[in-house]
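One chain is shown next in structure tokens, namely the form predicted alone.
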């Protein structure tokens, strides 16, 4: 006899005292990833060695790339006796002296639960450092990976962008959410540039963890935006936030220059949201889309027609960061799919806009109840083990962090008309495999 599913309400607060098989990742991990998206940045985690080691292994396995990450190696003694500045300053001195050829242009320091609980004053450390310095408070015990990434973008703007009043008409800043992969950032920038914009992204992983073999990998961040670019961001005429989590960074930029136009999109997946995005760019620049962009729109329409027979008769469960879930859910529903449940890592206002039967913050233990009735699960690598243990064969498409099972995560593209087309075909082909060959 099938057990009744629990109805869990969407809430800012945890619905149980612990997480079992968690989907959620910590804020420091999001901050570390964001600093890797800054050119010649030295990402420095103010924590014990174990905190940094886990994060480094996590991203190394996900991206299959050397990861630039350092830590202040807080020990049991320094945790009690040191106010924070000694560990940080000694770490910077040791790292730069041992790697004399390394010339960091920015030190990106972020905290963890340990150092936040101690109450270390990481703000004042900048007065003792000659290299440009950015600090961000990212305790593990609140928020998640998505908010850690967003807080870092906000901190970079607050602490380094110079306030101005004038804007450059063709200069645009993208603020992408954490689940947008390096190749996707590159594609969105290319799309904006096709409308005549000089486009920057913050953070910008498009040249950092994109899988390009080059010298000096794993020493410093190799993102496509540098500290000089960040200082001049207030001269952008337009800032575009991709994901609800990034609104705080846009608000910080608007305080530097209120004449900037802010456009917000919860995601860039599916036909409707991309039509709005392209229409906004056309309105600003008074330029028609390129023939290739129009062709990809037609291809997406055709993909929706071709895939709706399979997707329209199927049920889905989605797990992951809220901004990513919002895009995937809307795209599946645009092709007729039924989303039974969205289980998010943390609370976000965007979850209220998702039109699924069940939307709540939870873990894989909660999700397991819904896996039993689903045709396809879209989630991270850890969902695989649970699906193997159930009787019904349910398909799995891997999205979000981490994905240890597949190679080439950094080059996956679900964004814009092009990426949405590939995504729908991937989903339809997986459903055909699940339904017809098992």
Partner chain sequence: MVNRAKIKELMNESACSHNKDKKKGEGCDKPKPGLAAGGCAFDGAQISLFPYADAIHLVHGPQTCLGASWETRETLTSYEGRDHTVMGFTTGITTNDVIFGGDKRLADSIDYIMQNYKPEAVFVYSTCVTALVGDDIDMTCKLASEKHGIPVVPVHAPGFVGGKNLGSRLAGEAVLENLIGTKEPEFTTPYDINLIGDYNVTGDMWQYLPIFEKIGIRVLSSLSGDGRVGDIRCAHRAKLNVIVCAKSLITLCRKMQENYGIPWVSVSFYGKRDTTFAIMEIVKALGDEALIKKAKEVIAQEEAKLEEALQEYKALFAGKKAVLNTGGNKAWSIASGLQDLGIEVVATSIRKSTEDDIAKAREYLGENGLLMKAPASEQAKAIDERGAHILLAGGRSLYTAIKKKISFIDVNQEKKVSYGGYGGLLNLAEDLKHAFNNPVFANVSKKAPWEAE
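Positions refer to the first chain, counted from 1. The model shown is predicted, which means the values in this text are computed figures rather than measured ones.
The same protein also exists as the form predicted in complex with the partner chain; that form is not shown, yet it is the one meant from here on.
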Q. Even though the partner chain is not shown here, does it sit in the predicted bound form so that 39, 133 and 169 each have a heavy atom within 4.5 Å?
A. no
Q: State the residue from 103, 98, 123, 283 whose non-hydrogen atoms include one within 4.5 Å of the partner chain in the predicted bound form.
A: 98
Q. Of the residues 229, 140, 186, 330, which one places a heavy atom within 4.5 Å of the partner chain in the predicted bound form?
A. 140
Q) Should residue 388 be classed as touching the partner chain in the predicted bound form when contacts are defined as heavy atoms within 4.5 Å? A) no
Q) Looking in the predicted bound form, any heavy atom of residue 33 within 4.5 Å of the partner chain? A) no
Q) Looking at the partner-bound form in the predicted bound form, is residue 28 within 4.5 Å of the partner chain by any heavy atom? A) yes
**Q.** residue 164: touches the partner chain in the predicted bound form, heavy atom cutoff 4.5 angstroms
**A.** no
(Q) Quick check for you: of 123-131, 236-244, 71-79, 315-323, which stretch puts a non-hydrogen atom within 4.5 Å of the partner chain in the predicted bound form? (A) 71-79
Q. Going through 100-131 from first to last, which residues have a non-hydrogen atom within 4.5 Å of the partner chain in the predicted bound form?
A. 113, 114, 117, 118
